[in-house]
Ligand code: PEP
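Before any questions on binding or motion, here is one chain by itself as structure tokens, the form predicted on its own.
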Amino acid sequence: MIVVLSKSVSSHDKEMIRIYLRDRGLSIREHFLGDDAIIGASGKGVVDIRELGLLPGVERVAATSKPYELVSRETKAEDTIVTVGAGPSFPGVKIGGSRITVIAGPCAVESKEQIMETAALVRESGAVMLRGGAYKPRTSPYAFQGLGMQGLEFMKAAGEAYGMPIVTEVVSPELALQMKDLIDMFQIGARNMQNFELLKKVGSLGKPVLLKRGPSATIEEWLLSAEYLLAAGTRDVVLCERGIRTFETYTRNTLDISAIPVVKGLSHLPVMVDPSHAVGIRAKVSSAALAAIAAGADGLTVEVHPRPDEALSDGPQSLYPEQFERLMRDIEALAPVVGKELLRTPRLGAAGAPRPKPQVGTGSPEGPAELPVAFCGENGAFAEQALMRAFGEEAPRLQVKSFPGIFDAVLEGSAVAGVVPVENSQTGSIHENYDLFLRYSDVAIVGELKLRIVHCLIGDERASLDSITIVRSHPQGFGQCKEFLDKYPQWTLEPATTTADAVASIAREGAVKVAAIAGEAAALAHGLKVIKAGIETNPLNYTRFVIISRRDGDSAPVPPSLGSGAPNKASLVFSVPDEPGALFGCLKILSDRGINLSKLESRPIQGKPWEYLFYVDVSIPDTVEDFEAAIGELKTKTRDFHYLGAYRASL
């Protein structure tokens, strides 16, 4: 069992808890799980959990049915998010939660030039951590064993040059201490998964650990190895499925896709997949990688080499840089389908160091609290989910009551940024929010992302389809679930400001005959049940959100998760003179300069009957001068021209 101690527990109370457990025949060990101080108790002794829970200093007691206690989801229900490589000017790489984290690099560090070249290539394609072996346990004693400490120094230099934390394999307890200050994350290889002395030593050093599954290990054995690491002292363990040994010979190993959802049900630890070692065939790696993401993996570790045919280790399974770049594009396209976002980290500055962390966070004792990000709605709103995808689960939030409230908060400086829905793939543009950009000319779009929308019918624990008489939601929610609602014409539809507001109103009222249309996260946030899931008319249902910030502020954050590099998309609004060919002339300006038009929509101008504004989304070509020239010419041909912002397009 696990005894979670209260934050204010005294030394005397803690000692009394220890004595209570020992007197009843249990062996104990103290540990930290996240921010919680805990005492783990095991053995054949018998304890009255209710009596134990009443002892001074005990916050709660969790009895587990698994031999792995610290790893078990019974002990910690919420997902663990592991941070790797955080520093004064770098937020670190997050593994777990709503992100897909990609680690890439060669199987082995062969030279300083090779690892530098590889780091540059994978960083450019979107990898956020660098992998590579300095000590290589090989089946043959005559195979390349790595460059040892020199290889680690080369790898550390490459990681620092390109703003990437590094992960590498440790093969013995003696080397662990020597490696500690050169790396950001230890890797326990498949061959060493049950090297218990190594696990205890590495765990005691407190650094994050990537634990690979052994080729013949069961899931329980794998989780027990993770238990060794946590019990020894580290709080940050990431599990890595890399294929198991079966009778099949067409691939190097058999990738156990089913292990991903099984382990995520059993444990709170993040799960990554190594498709390179799983299949061992370059042409099959990308397919296996995408399958792993679809199955729920939190990330990938992929072998990439500038010239795989010349690699000293595992060349046949290493991707060419262009293959890796294509895989990253495919992952970015797949991510919204599985409800995740591909993790990006801050772009590099001129000197090769990461740019300073955007001012979005919880602050620190050394400085003032950092500003929140604003969204409209209650906890669990789709906008809050979009916010977490863009800025991370830890980002402070500011809830406002209306969409104009987001713009007000950003303009007044009480929020550093805002998340605003502007378009749905089924019901079209949210015109009220587009119109706000004209009212708030000092606010600009700095990013965008697309969120898959899965609607649920949500109600009180006692509610059922037969008891419902009223359904609440945002009008867009009604439109996106029209086919389902048409089956129940007797229901009265009541509009709400947001879908999450509709759920919150039911929780406040304790209504049994009222249901809401919203996402599952809103039901969890307000303690209600999902009566029916997936009621949207089209499962390919996405909402496009934009990130807004003040134009004149130097703190406007562009979330790294939304992509790095120069903006490649812009949004414009303008009207044209009432004369033949006026709109055609504007579009021709864009066409002549090779600027793609991805959206064109007209809106009536308030107070001017039969006059229209045109909302336009365009691509920004590689030749920025052509784009600037086109904008300059458009301003001379249009009226009421508004430049809403430039940003990276979301796939």
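Residue positions are given as counts along the sequence shown, with the first one as 1. Just so we're clear, the structure is a prediction, and the values are computed from it rather than from any experiment.
Only in words, not in the display: the form predicted together with ligand PEP, which the text now covers.
Although the partner is absent from the chain shown here, R131, K212 and D274 each have a heavy atom within 4.5 Å of ligand PEP in the predicted complex. This chain is drawn without ligand PEP; in the predicted complex, the residue among Q187, T499, S267, S549 with a heavy atom within 4.5 Å of it is Q187. Comment: ligand PEP is not present in this chain, but in the predicted complex one of K340, K284, K207, K136 has a heavy atom within 4.5 Å of it, namely K136. Using a 4.5 Å cutoff between non-hydrogen atoms, R73 does not count as a contact of ligand PEP in the predicted complex. At a distance threshold of 4.5 angstroms between non-hydrogen atoms, E169 is in contact with ligand PEP in the predicted complex.
Under a 4.5 angstroms non-hydrogen atom cutoff, ligand PEP in the predicted complex lacks R344 among its neighbouring residues. Shown alone here, R191 lies within 4.5 Å of ligand PEP in the predicted complex, counting heavy atoms only. Only one listed stretch (274-282, 398-406, 319-327, 485-493) carries heavy atoms within 4.5 Å of ligand PEP in the predicted complex, and that stretch is 274-282. Residue R242 is the only member of 238-254 with a non-hydrogen atom no more than 4.5 angstroms from ligand PEP in the predicted complex.
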